[in-house]
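First, one chain by itself: the form predicted on its own, in structure tokens.
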Amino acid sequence: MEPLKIGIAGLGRLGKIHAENLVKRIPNATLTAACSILQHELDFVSKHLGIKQLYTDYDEMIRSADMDAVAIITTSGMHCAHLTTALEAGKHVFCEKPLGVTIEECKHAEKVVEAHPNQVFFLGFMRRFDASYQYAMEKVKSGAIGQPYLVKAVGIDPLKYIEGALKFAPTSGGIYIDMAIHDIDLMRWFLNDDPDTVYALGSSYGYPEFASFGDAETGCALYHFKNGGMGTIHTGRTAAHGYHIETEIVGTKGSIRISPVPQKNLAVFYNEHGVVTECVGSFPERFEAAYLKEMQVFVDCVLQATKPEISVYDGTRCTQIAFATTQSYKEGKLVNIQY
């Protein structure tokens, strides 16, 4: 079977990870084209990855490049337009989250995907492909913790990246849309249901500048699910120790806790600072294997003519929940989530 020919749009930090995976680590795929509005990013893939078909215009790449599929790693506000162009041109699509930055965009994306049932559409909720989360889901399905009824999620970015977060804050959509959407997806996945109400809080303690953008430095949210389940999210931007991602699934017969300490590896230092475990410093480091696995699954789905577990509707639901959470935070009241 010939390898799947893929073009990539967007070559920032995550785009480079996907590009290198396609070139070096996925044997049944080949990266044939790349698009970026930044010349130095195109120079990188040309020099280091040997890509010859280079574009600064996305539509031109879709029209002209030799490719069967496209990986969309562009800015969030362009995802809906880019996936529409690709699907209508007959390309299979891998799209990073979010599906859209408005509910209207998400609904439009649903219609476009529905209109092209013979093409694969894959949405990049990579935590579902992390080995620890997949192990936890296997245990949940096997009944190891009984009936799951509570998911507690923590997602806090490193303090050392705070200046970048401030720069992006005016256009990010807010802390719940920008950051918590992965935790929202995990709650839905583990509880196999959608929440019907949410109450959220948010504040800025060390960096009040976030408030000027209608955003928060730290947020907490409580969800009630239709099946009686519960969920909590603690999200923030000021983890002094590194990149802190932690999830606990509580059931009637036990619980599973993933990454209570976001340790870098199994080494422990014994020195003048006490007993020290180094922590992971960024999302590419923590989810390196998950990014590779999700792209491999996308390629396999296309070549084997199967559909991925994650659907366009998951993207819409997570966005609806994130917007309702933001609404609750801003209005200071319980919000009924509309689907």
Ligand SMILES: NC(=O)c1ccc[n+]([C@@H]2O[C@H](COP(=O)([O-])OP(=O)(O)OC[C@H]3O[C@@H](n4cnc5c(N)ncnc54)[C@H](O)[C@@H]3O)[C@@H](O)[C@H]2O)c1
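Model, not experiment: these values are computed from the prediction. Numbers for residues come from their place in the sequence shown, where the first is 1.
Note that the form predicted in complex with the named molecule isn't included here; everything after this is about it.
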When you measure heavy atoms, are 13, 98 and 291 every one within 4.5 angstroms of the named molecule in the predicted bound form? yes
Note: exactly one of 303, 37, 297, 49 sits with a heavy atom within 4.5 Å of the named molecule in the predicted bound form, namely 37
Of 73, 109, 86, 198, the only residue with a heavy atom within 4.5 Å of the named molecule in the predicted bound form is 73
Partner contact check in the predicted bound form: of 123-131, 252-260, 190-198, 150-158, the stretch with a heavy atom within 4.5 Å of the named molecule is 123-131
For this session: Could you confirm whether residue 41 comes within 4.5 Å of the named molecule in the predicted bound form, counting heavy atoms only?
Result: yes
Since only the chain is shown here, I'm wondering whether residue 237 would be in contact with the named molecule in the predicted bound form (any heavy atom pair within 4.5 Å). no
Classify residue 182 as contacting or not contacting the named molecule in the predicted bound form by the rule of any non-hydrogen atom within 4.5 angstroms, answering yes or no.
yes
TODO: Answer yes if any heavy atom of residue 82 is within 4.5 Å of a heavy atom of the named molecule in the predicted bound form; otherwise answer no.
DONE: yes
